[in-house]
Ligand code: BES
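Take a look at this single chain in structure tokens; it is the form predicted on its own.
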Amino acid sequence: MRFLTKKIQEENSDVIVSFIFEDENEKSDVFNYIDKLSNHALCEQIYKLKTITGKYQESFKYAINENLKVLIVGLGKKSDFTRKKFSQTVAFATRKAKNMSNSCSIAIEFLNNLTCTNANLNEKDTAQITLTSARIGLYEFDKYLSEKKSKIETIELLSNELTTEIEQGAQIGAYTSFAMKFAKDLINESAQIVTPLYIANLAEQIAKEHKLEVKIYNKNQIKSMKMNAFLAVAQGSVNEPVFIHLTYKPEKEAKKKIALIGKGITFDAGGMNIKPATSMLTMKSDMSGAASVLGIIQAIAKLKPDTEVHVISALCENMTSGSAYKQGDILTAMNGKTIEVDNTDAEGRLTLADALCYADTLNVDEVIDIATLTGAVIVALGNNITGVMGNNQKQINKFREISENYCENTWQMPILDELKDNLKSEIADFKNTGGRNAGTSTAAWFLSNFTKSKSWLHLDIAGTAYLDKSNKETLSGPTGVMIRSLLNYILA
């Protein structure tokens, strides 16, 4: 898919998307352009006949001629307008536009003067959100369908004044949308394909293409680094574990160094505490964190910020077999702390524990992990809000502000010292689970014991990484959640 910025008269698309606010008579340059092409019939339809009033996600289709269609989409009232609603509306609009005459190209109006609304959007953010959300709306995975669906080949962003800010925002939006598509495609693949070795080979290809440093550790090397918590999770599978580490370094001296850790369970059967069949259906998505950070580092390599970025993932399957780890086993993590296995289905925190210890060896300023970690976060926050925890309130506040600005919902959950009682063991430093109560925060407290970083951020995406039902922005399936937020956090 190509992303282009074009002046209005240069557009060459099958469908033009234009937006209107509810009960507002102000007409944009794009609207005036397509109204002129319709011999002003469009204006009459909307402002005299009130065919569409601009209510939120209300739409009106109009054919200018055989080759050019128009889609007018409502943004609702200016007083209710937000960045999230803008993103949802763009995604909605591109899905609608795609189905108009099997379109191959869509031109989207660049909305000017959004600083006067609650969204408070400048030109750079408007362009970024428009292109990112457009691709969210168009995403489909049809690799295994006999009959392929038609594809949108080009998205044009239309404005009479293509400023530097618009061009910069469009570039970030394009690479953000690529990172999200990459992650969603990888998550949609079946676990028979996406094994730890498959992702390791993919990481090497990414490193070669983008000139990144890469280290791939096999089972024996992992053992020599004393990552025994990670190895225990992996030992029930015929597919051996792999640990990956990719590094982007800016050309000039880095202003900051960040480690991104993505949980990489390529399939989670629950181990000896085997999951119910219905709970296992989407467990190919338990590597959503790993897919996300691999997508992010490719975008970073293109956008070239002056921040050094390390991407880390401990990749394995959590299976049940005669060699699988068991309840009651005592594991020693890379930092020497011991863990009594209370539940083999609480495996993600074991792999992350060793990954966090490894990140301590990199001398970075900040550590961020992203993981489909706890079912408890779904109970607490549902499927549209990511749980955010950490040990640096300034870092948490900055990340949450950026997440809101780029249309992703987050909520801070506490990590309290009292939670250690939930994980008390008589024979080891900790148990790996602490019962049903406060499960999300208890898991985060467990992880906090395996990092020395004073700026550690933990993102629990168990509820938001994969949707059983579509929401107003994203169709069911993988979401690529937190990629927008993390990319903009790194770029800030």
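Note that residue numbering follows the sequence shown and begins at 1. Keep in mind it's a predicted model, so treat the numbers as computed, not measured.
Not on display, but discussed next: the form predicted in complex with this ligand.
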*this ligand: the contacting residue among I378, C104, L303, I330 in the model of the complex [heavy atom, 4.5 Å]*: I378
_Going by heavy atom distances of 4.5 angstroms or less, which of K223, K275, R400, H210 would be at the interface with this ligand in the model of the complex?_
K275
*D354: heavy atom within 4.5 Å of this ligand in the model of the complex?*
no
_Can you tell me whether A119 touches this ligand? I mean in the model of the complex, with a 4.5 angstroms heavy atom cut-off._
no
*So, in the model of the complex, is S177 in contact with this ligand at a 4.5 angstroms heavy atom limit?*
no
*asked:* Does any part of E347 reach within 4.5 Å of this ligand in the model of the complex? Heavy atoms only, please.
replied: yes
*Would you point out which of 281-289, 183-191, 129-137, 233-241 contains residues with a non-hydrogen atom within 4.5 Å of this ligand in the model of the complex?*
281-289
*Taking this ligand as it sits in the model of the complex, which residues of 424-444 have a non-hydrogen atom within 4.5 Å of it? Please list them.*
T433
